[in-house]
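Next up: a single chain in C-alpha cells, the form predicted alone.
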C-alpha cells in the first residue's frame, strides 16, 4: 500500500504571505468574523483534510499598523468550529509558559468531549519578551527553563487527563450512584514548578487525551517533541533539510521507546498554484510588490532579539556574522538558525532575504502547476522528508480553493490521499493509538 499523505490547513491572517491581507482575492471578512473561519473549516472538511490549525500570539507586536496581527483566542474558536463540523480535527495553540496546567487540562478535556474526540493541543513554550511584559508574574525565561517547565507541565496535564478511568461514570439513576468507587484518583503532583492535587473535574475524553502537537526545532525543542509530540510541524527551506529533520526526530522517538509511526511529521508548505509556472511566478511577484519593507525589517529584527539592521544596505549580500549566533538568543532559536543557514547557503541580499521570508516566514514556498505541487508532495513522502504537510496557502481562500480543486484530485488519483473519512477521531485520522490508562 502506498504511503498516505496527512494534510493540515494552517489558518493564518488572510494567507501566509505577509501581504496577503491586501490582495484583491483575499477574504473580505475581518479576522474577528467567525464566517471566515467557518468557511475555511467546512471547505477543509469537505476535502477530507486531517485537521485545521489555529495559532496564537500573546503580544501584539510593533507592526500592527501595516500587518493584521490581532487574532481570536484559539480556545473559544475551537469550540465554535467543533459545533459546525463533524469529522475534521481541530488543533489549538496554548502556552506552557503562561497557562496553569489545571486550567488547560479542563479546557482541552471539555473540547475533546464537545467535539467527540477531534481536538489537539499545539504545545508552545512562549519566548517573546513582549509577551512576558503582559504576564507580570512570569518574567521572560531562558530556553532551558522554558522547556524544563514545559516537561513538568506535560506530566501534570497527562496525569490529570488520566485521573478518571474510562468507565468511571456509571450514571445509575435508579440506584443513585453516579461514579464507580476508586475509578477517580488524585494525582498529588509536587514538583519544581507545580503543585497540583487533582483529580480533574472533567471525565476522560473520547481520545483519552487530546493529540499532542509540537513545533520546536531547537535542541531542547527536538528532545521535547520526541518525548511528547504525536504530530510535529516544522519549517524547512529545502528537501534535504526536511529529510535530516525527519531522520533525527524519528530516531529520537525510537530512543524514547515509542514507535516511529506514532509521531507524524508535517513540514510547512506554501504553494502558489497556476496553470503555468510563469503565471505562478507572476502571482508571487505581484504579492511581493504589495509587501512592506519596514514590516519585514521589524520582524527580522525581533527574531534576533531586537538587533539593529539600519546599517545594512538592502542590496548588500549578507553573511552569517551580520546576525547574532542563534544559540546565544534567549528567545526562539530554531527560526533564527534557519535564517542564518539560508544566508550561509544562498548568500542573499537583505532585500532578497526579506522577500524569501515574506512568503511564509521561513517555511517552504513553491510556485508552479497543480501537477508540480502533487509531484513535490509525493516525492517528499516517498523519500521520507515528510509524513504529510502543514498547508499554508499564501492567500486565503483563493489558493486553498485552487489546491482543493486541482491538487487534491491528483493526490487521490495517485492513491496517496483519502476519498472519505474512515475514522471518527483525530487520532483515527493521524493513525495514532489510544493512550494507555493507569486504570488498565
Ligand SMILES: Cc1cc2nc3c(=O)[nH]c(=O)nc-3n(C[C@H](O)[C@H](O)[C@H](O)COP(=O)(O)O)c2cc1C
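Residue numbers count along the first chain shown, from 1. Just so you know, these numbers come straight off a predicted model, no measurement behind them.
Not on display, but discussed next: the form predicted together with the named molecule.
Novice: Would you kindly say which of 237, 249, 156, 215 lies with a heavy atom within 4.5 Å of the named molecule in the predicted complex?
Specialist: Selected residue: 215.
Novice: Consider the chain as shown here, without its partner, and state which of 56, 45, 378, 406 has a heavy atom within 4.5 Å of the named molecule in the predicted complex.
Specialist: Partner contact (heavy atom, 4.5 Å) among the options: 56.
Novice: Which single stretch, out of 188 to 196, 166 to 174, 119 to 127, 277 to 285, brings residue heavy atoms within 4.5 Å of the named molecule in the predicted complex?
Specialist: Contact criterion met by 119 to 127 only.
Novice: Residue-level contact is defined here as any heavy atom of the residue lying within 4.5 Å of the named molecule in the predicted complex; does residue 10 satisfy this criterion?
Specialist: Taking the distances in the predicted complex, the answer for residue 10 is yes, it comes within 4.5 Å of the named molecule.
Novice: Even though the partner isn't displayed, in the predicted complex is residue 229 close enough to the named molecule, meaning a heavy atom within 4.5 Å?
Specialist: Contact with the named molecule, no.
Novice: Please run the contact check for residue 270 against the named molecule in the predicted complex: heavy atoms, 4.5 angstroms, yes or no?
Specialist: Outside the cut-off, so no.
Novice: Even though the named molecule is not shown here, does residue 108 get within 4.5 Å of it in the predicted complex, heavy atoms only?
Specialist: Although the named molecule is absent here, residue 108 would stay clear of it in the predicted complex, with no heavy atoms inside 4.5 Å.
Novice: Hey, which residues along 384 to 423 are within 4.5 angstroms of the named molecule in the predicted complex, non-hydrogen atoms only?
Specialist: Contacting residue: only 390.
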